[in-house]
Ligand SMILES: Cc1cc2nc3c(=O)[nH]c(=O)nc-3n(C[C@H](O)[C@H](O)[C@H](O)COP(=O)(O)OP(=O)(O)OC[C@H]3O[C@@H](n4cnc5c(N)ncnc54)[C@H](O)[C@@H]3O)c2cc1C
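Okay, so here's just one chain, in structure tokens, the form predicted on its own.
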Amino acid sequence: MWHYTEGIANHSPVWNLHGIRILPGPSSLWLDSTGRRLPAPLFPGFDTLATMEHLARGGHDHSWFVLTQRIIEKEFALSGSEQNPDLTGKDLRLLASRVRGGAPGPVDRFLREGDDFVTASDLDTLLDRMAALGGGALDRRLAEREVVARDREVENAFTKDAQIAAIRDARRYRGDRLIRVAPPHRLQDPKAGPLIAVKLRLLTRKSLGGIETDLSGRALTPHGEVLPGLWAAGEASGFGGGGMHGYRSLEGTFLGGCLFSGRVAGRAIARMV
């Protein structure tokens, strides 16, 4: 099964407990359910598996992004074809709207209608609304200290804060600077507001694999014996194409594994005939 840590409830669910995944940029402050900042390098968009393991040890079913309107406009995207009509519809005019001001349409609708989003013009009000939505798990004083500390570090040109350094490094790439990563700023900067908090849940989105194979791509039975006449390749044979990139493989690396496992299986079949 393939799990994500940035799940939100769909405002228009197609099925029961229908979740949508946020594809975040690096700038949101990530807090656990109690309001404690996640340790480095568990930042938005970094190591999903390690983040999931860390959150699961906390004993609660949610965590938080704390961000600003400026961040959500530039750094939030949503996974799924229905959440990206410009791409799925090949609409160039709609695609061009991504570089203009304002949040993308699907993101803005979640901000207005989603049950997991709260906004406020000041931190006290935001924390009150987070506490109400979080079922009493949030320590307001702890969360406030984390926001204040983060704002202090973003104003320090020599900060050793790993997340601030990662944001600044990401913006060295022109593409990220233009359309993906917001300029570093204080979360409590009124010019960047309003403040936004997003309640995140663990999301199981899909499964990969299921057919165990040997090194020739031959399918194996539950007892490890070869199943005659059946081979498997690509994502059917394991995570990212036979699992050859390991348990923490990145999504962008799957094509090579799929092609390679297909070649291995094809050559094995050719030898058989």
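None of the values given here were measured: they were computed from a predicted structure. Heads up: residue numbers just count along the shown sequence, starting at 1.
As for the form predicted together with the ligand, it is not shown, yet the points below apply to it.
Residue contact check for Glu235: one or more of its heavy atoms lie within 4.5 Å of the ligand in the model of the complex. Among residues of the shown chain, Val264 is not one whose heavy atoms approach the ligand to within 4.5 Å in the model of the complex.
The ligand is not shown here, but in the model of the complex it comes within 4.5 Å of a heavy atom of Gly80. Contact annotation for His223: none of its heavy atoms lies within 4.5 Å of the ligand in the model of the complex. Considering the ligand in the model of the complex, the lone stretch of 203-211, 46-54, 59-67, 29-37 in range is 203-211 [heavy atom distance within 4.5 Å].
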